[in-house]
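Here's a solo chain for you in structure tokens, the form predicted alone.
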């Protein structure tokens, strides 16, 4: 295990030398997780490789529109023989989930490709670029640098990966290279209007019901600099919610004028509390705040899983943010 990044050429050697790959991403996968899996996996398949696509929680309903997304499966109970396990967009190995780790147990080589600054480089081979706005952009860089095939399904998946992780190319992590990548994908036949409509304009009604309930819990404190709301596990049952239904809703309260930090508290079925934090101000590093509670992520977007109950978890996290504000 090495803390140094390998070269893209070294990754290319691994792709060439081995035949069977498992591409995996973190639990409760988002667009960047699934998009990166499909982007790299479909490119490897186009090279004639055998690829398994595993996610502990399977494919979210809101990403079913992606071509070849039916390839994403929950890991098998029996570990198959694979040459290389590739973890994508996963800041710590445990975030892959126990079943994924068990299914990949026979891999002779672990590759870790990610963009989280907190990633401890847990692979045998690591390629972590914290300057990249999305793991999907790293996958694109690898595919194009190596001259790997880029099938249409991979093209669409990479676009959705980067679009969703940059807030539709709005966050300041977005670089000129990100736009050049998007332009290249359009040159390769990406239907921008169509894919954006499927990504952003096709929500189930239950998501809007959730938003209505969340807005009723919204609080502004610290002279309007801190916005937070909470979701109870009972709502999940009452509204028949899926994990992806809350994806991106925090951006709504992040967008309030004057707010510097937005926080989403979610009660999980096991009684733990999932905390999502967004900062609009470089002077407030939410990754550092998350780290106090064993979480991590990025300077402007980070998360925690902590012990409940909701009231005590909220108090601890809000106090930590208020100290910084």
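Numbering follows the first chain given and starts at 1. Owing to the predicted nature of the structure, the values given are computational and were not obtained by experimental measurement.
The same protein also exists as the form predicted in complex with ligand AMP; that form is not shown, yet it is the one meant from here on.
Interface residue remark: residue 22 is not counted as part of the site for ligand AMP in the predicted complex, having no heavy atom within 4.5 Å. Ligand AMP is not drawn, but in the predicted complex it has no heavy atom within 4.5 Å of residue 60. At a distance threshold of 4.5 angstroms between non-hydrogen atoms, residue 305 is in contact with ligand AMP in the predicted complex.
Not displayed here, ligand AMP is kept clear of residue 11 by more than 4.5 Å at the level of heavy atoms in the predicted complex. Looking at ligand AMP in the predicted complex, residues 91, 116 and 276 each place a heavy atom within 4.5 Å of it. Here is the short version: of 95, 254, 71, 236, the single residue with a heavy atom within 4.5 Å of ligand AMP in the predicted complex is 95. Only one of 63-71, 35-43, 50-58, 289-297 lies within 4.5 Å of ligand AMP in the predicted complex by heavy atoms, and it is 289-297.
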